[in-house]
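The same protein chain appears twice below, in two forms, each given on its own as structure tokens and labelled structure 1 and structure 2.
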Structure 1
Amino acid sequence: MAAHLSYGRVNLNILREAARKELREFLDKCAGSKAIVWDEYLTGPFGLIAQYSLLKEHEVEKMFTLKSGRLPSAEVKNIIFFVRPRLELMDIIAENVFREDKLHSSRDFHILFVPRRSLLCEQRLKEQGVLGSFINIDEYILDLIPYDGDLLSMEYESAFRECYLENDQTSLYHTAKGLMTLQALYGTIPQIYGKGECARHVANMMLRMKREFAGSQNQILPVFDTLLLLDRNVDLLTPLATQLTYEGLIDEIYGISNGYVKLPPEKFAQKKQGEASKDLPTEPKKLQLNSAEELYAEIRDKNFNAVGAALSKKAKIISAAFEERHNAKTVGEIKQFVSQLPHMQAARSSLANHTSIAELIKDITTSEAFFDNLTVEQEFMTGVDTDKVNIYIEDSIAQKDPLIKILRLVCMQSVCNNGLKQKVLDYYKREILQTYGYEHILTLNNLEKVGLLKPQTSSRNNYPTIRKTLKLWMEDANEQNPNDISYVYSGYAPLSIRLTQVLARPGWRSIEEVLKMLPGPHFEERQQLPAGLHKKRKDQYSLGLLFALLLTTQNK
């Protein structure tokens, strides 16, 4: 079911199993048949941990979405609410419970808070007079979720915003907690490197938590050799650039959330031959995207310009495989062929899906608008005319293009120029406020607070130095047979990746100058391993941890 998690160099199924075990233990606490009422937001992240079948094994018979009013009827002993600790959700729960009591009195109520319990929420339940109705109030810590064979995610969308805009560093606490869990399962990570204020905080918390463990030494042979912690604000440029890999473009255009993407249905209508498609589905087509799908694993990270060739190659292979049936003469051969049919059929439907998606994306990437936008991005990243008002941005504002597009470009120009000249910044601001509304003073102010947008303070622009030292721009990026990471942005090599590469070889000492230009301290820590574990560790792993940056800094 989650086989793809064990394909990577580290078996992430262990982590998933641990999370599942806790879930089972909680479910068993509520003896008897159950119905789960879901905070809808949580079904995404939980879907990465468990399927309905697991819940069913533990007598979960019904599942509902949390909403106000009366709970749907269900012949179960227990009603369990899976919710984030939010006050507005408590009010809904209270209403559910209140209206329920009048009808049945035999059902038991429980709450599972994800990821933490909250006194505020419990107080609210108390005020509403329902706190006493709950048999179990518990918490389920969901810190690091195995997302793919080589990727863990906290699925914590607002971390950047909280850390940099709201000075709320709770997400760092969760990060440290998650990393402690990871170490409990995969062994103490001997080396920790980091860059940035938040990275420093996380490392400090980890070291402190480790001291609290003192006495119980972790006897697991370390799987990870190095942990690298990087603040998002060390590399603000990368998330501003338009992603150009296959998966990246799917995300840019349709948005991938919790491993799923929703696509326009027209291209996926299943037309039988000779049958006119009368009723096209109107609901978006939802697809799961992860490395469990062979074809997707193969093309997800390719530059989109190389996807056409890969799909066509795959098509030939599949065709050839189906042609084999003509060669199958003996009963054995036929049997062999038939046994492979399901696999081939899956490959065929996978090919069909990705061909359709590639077509959808291609319509956009071949448009003039996409090309113009990309040209401007590349000019900025190579340092062309970053110090004056850009005509394309100006025209895009006049055309009222989506604000997010404008902000991405303006911020990128600011980052690539180490701040904009006051005159340029003022001009952009005025045009944006006049066209999109004055309330965006707040949006612009937020962008300035987090450093995405800023006035030039010193006359020296250090971006060119950073670009040259770290080789952020490669003129001859090879999109088909890449030999350097710059292929992902057709020329731009992500700064955070370069930092990781330099750390691996020859080490950060070689780029001290550049590290000083980037914000926050850089550091190195060592964690002592128990004496018995000092054997040679052959495998070298490094785990990079990055905060996902969310660009929706509008208004609030």
Structure 2
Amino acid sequence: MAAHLSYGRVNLNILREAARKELREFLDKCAGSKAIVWDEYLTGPFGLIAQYSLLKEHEVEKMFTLKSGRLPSAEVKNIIFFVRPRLELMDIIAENVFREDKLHSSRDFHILFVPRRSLLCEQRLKEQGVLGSFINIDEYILDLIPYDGDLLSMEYESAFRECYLENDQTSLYHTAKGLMTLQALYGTIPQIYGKGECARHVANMMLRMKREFAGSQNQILPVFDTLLLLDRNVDLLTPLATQLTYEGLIDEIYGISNGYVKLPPEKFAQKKQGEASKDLPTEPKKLQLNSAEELYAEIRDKNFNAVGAALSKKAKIISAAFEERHNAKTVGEIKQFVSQLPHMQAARSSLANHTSIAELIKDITTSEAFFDNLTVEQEFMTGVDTDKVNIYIEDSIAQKDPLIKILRLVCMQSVCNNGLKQKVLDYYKREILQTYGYEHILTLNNLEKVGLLKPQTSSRNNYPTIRKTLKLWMEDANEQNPNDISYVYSGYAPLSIRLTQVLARPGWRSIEEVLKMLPGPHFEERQQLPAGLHKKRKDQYSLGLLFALLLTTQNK
């Protein structure tokens, strides 16, 4: 049991256990020894649900990555393919099956589509002549994955691109189904609020699904009071800004994937006296990051400027705890100290790891390049010189800095200025194409299509009004002892968070004019609770929780 998933106000272990139960049931359908062939993209999300120990309990003896050619040898009865419904993956599976059939005619093949079964994929397998080789073809609904005690994720990297660029709304259906699963486990959510076209589609699908299953609802007292659905394009600024919390900077610099981060090994090497540098590790240091680790839970959301003091305080506490051994005189006191030793050693190891990570981050955040980049971001967010070519961006292009850095800054300037003047936009485009290559014409065109980069079509810029009304910029953000969410960006309060706060109190009616300036409709829906739960709900203390879902989250 993942204890950290039950630390929050809602026990997310219930959702994880439901997912694990479905996985066990499918594995048990395939009697006998098994080898799983993984679509590599799925290994991370599945790692948040089930470790290898669970698979081993159900006779999984081997695991391979899905690749062209012949599968590695394995003396097993069942070969199970865990794959996304992608046509290109069906061609690889067909090749694997053909080659295996020639060598092992007695093997049983199974396929598990995640998160949905696909008729198009089955048709492709039929065309390849292997559909009849599969004993079981099933789907495994993995929509909302418990990521930590206060976070659910769909781990759907391409959702933003699919919705806004390709006009493919499959991810919205998965979102609606995931929220229906959530309600099946935690009770009907009485109030639904939303902003944006995608949010409206998801709410409509949820309401339709609820009508279709009327009469079969579980008599579960609601855990959630309110569901807030927000389109990503309602708040395009936040994902463009540099994150300044401890966890945010780890993700910004090294990338956190499925709860794990890979870090340069140098800072983690335990050097012995006279040890040659060639003996130092070369493989990246892989660490799991979640609230199960006491120290990480304490510092993850702190502004990085407050992390040093927190680590120093923790070091003094751990040092004092180890010094207690000198005060242990009696057998009972010694026994008590020894019983606490494993926890103390784990705390010391955790402190060493996070001190090393903080040092790695500090090397970057104290650099002139980081400071200059952050200064330009904050100028844009406060409305300074957003209507003309920025000298820093110009110089960064000339120095051929990473293209992703340039695009983030140009898009941020566009978002904060309600589009760029045509001559400014044309200048940036010309400089980018001449410096980074004309293949990026498509990149720039795609950014325009999704609204991140666009020409100014109106003389009116709504961003200053939105910024002032919602207090998106706070001059005196307290980074050490924060009393406002603006501390996470050292001044900027995320628009999506401000919308959530206003909804909680005093309500969106107080900002009707601002809501009209943001893209898409805003709406409110009420869901009827199953009969018999109304009185129980009134009698019980209600969780004042907003379950906010940023639809089609952009992957940076």
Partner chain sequence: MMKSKADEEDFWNSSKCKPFTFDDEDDEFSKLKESKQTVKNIRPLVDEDEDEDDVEKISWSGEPVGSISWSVRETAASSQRTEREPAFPKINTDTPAISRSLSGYSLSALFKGGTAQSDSSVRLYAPELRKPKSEYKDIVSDWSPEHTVQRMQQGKVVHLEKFRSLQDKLLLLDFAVSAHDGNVITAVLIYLKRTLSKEVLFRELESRQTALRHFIHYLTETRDQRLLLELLRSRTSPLLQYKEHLSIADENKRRDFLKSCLSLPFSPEDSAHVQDHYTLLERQIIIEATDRHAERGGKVEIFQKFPRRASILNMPLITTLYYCCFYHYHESEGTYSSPLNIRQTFRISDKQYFVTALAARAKLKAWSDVDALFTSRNWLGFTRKKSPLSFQRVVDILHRNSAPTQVLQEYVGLVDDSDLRISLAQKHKCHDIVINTYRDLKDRQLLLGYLSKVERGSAEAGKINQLLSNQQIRWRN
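Here, residue number means position along structure 1's sequence, counting from 1. In this text, all values refer to a predicted model and were calculated from it rather than measured experimentally. Think of the rigid core as the biggest set of C-alphas that the two forms share within 1.5 Å after superposition.
J.: Mark the structure, either 1 or 2, that is the form predicted on its own.
T.: Answer 2, the form predicted on its own.
J.: Please find the hinge residue among G248, G196, L444, L142, where one rigid part turns relative to the other between the two structures.
T.: Every other option is far from a hinge; the hinge one is L142.
J.: Two rigid parts, two forms: what's the rotation of the smaller one against the larger between the two structures, in °?
T.: Turning angle of the smaller piece versus the larger: 6 degrees.
J.: If I align on the rigid core, how far apart are the two C-alpha positions of G132 between the two structures? Answer in Å.
T.: Its C-alpha shift, to one decimal, is 2.3 Å.
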